[in-house]
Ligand code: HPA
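Next up: just one chain, as structure tokens, the form predicted on its own.
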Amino acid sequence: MLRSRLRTIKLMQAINQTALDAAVAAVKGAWPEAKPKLGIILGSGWSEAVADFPVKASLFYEQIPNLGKPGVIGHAGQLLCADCSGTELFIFQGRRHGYEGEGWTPIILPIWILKQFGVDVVLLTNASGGIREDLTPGSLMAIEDHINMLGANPLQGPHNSNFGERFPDQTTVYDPGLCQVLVAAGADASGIYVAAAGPTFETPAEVRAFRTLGADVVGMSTVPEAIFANAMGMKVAGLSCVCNRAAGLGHEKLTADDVIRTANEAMPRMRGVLKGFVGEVCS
């Protein structure tokens, strides 16, 4: 019985190529002439950070097969085709998370869609808890590397050559040049992001362990998309809004509402950094 259940879990977690193809077909059917140059995936609290980019068209996630409505507050659940000085952008307002229990397919689907539209550069954003002393709530950190503490990897399972090599190099998952662009656009610092599985916030003991490992902020996302995009040869940038001090480093109880409140307070700076980054990349 246990062996049968483990097989079921494995099948649920596997990336479904047929599901990926159906999603791409739906978006291409809706926007057959679209030619985006850049993709952005917005994490918790980031949905309004793209208000400076005029929207040409939009699709609810429910209109994209196998993507589905985000199960977390602060994720609008829309794909936007937007404009930046004549350059098209695909902006995913919200992401799916592993702790939602629906497998890898909806998590990496935005990356696959971007790749099939010819996008070679993707910006991943998220909310995080600050571990490093200078990364206080409201800080923006460009991600220069990550530590995967999810306990899994989206490329596990039978090798699919469409996803790149069997053993992709991860020396520079996050493009150093793009990291510098984020800092020049107004990010406060750069550093290391550690991804934990969630949906619980981390314990103080875990945060101490992450600090010892070299992590500067902690969150529950981003790493799967970064791994997948890097494997397929895309350039990846990452930007994290520090929305609270990680567990044990502050005196307040951690809540999801506080994450959204802090993101809203930091929104003018978030918009400014995104606008500067997109303007530079698309120039």
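Each residue number is its position in the shown sequence, starting from 1. None of the values given here were measured: they were computed from a predicted structure.
One more form of this protein, predicted together with ligand HPA, exists but is not displayed; see below.
Note on the interface: of 26-34, 252-260, 231-239, 54-62, the segment with non-hydrogen atoms within 4.5 angstroms of ligand HPA in the model of the complex is 252-260. No member of the trio 41, 90 and 113 reaches ligand HPA in the model of the complex with any non-hydrogen atom inside 4.5 Å. Interface residue remark: residue 45 is not counted as part of the site for ligand HPA in the model of the complex, having no heavy atom within 4.5 Å. At the 4.5 Å threshold, heavy atoms of residue 108 stay clear of ligand HPA in the model of the complex, well away from it. In the model of the complex, no heavy atom of residue 179 sits within 4.5 Å of ligand HPA. When contacts are judged by a 4.5 Å heavy atom cut-off, residue 129 counts as touching ligand HPA in the model of the complex.
This chain is drawn without ligand HPA; in the model of the complex, the residue among 67, 218, 49, 223 with a heavy atom within 4.5 Å of it is 218. This chain lacks the partner; the member of 163, 104, 117, 201 within 4.5 angstroms of ligand HPA in the model of the complex by a non-hydrogen atom is 201.
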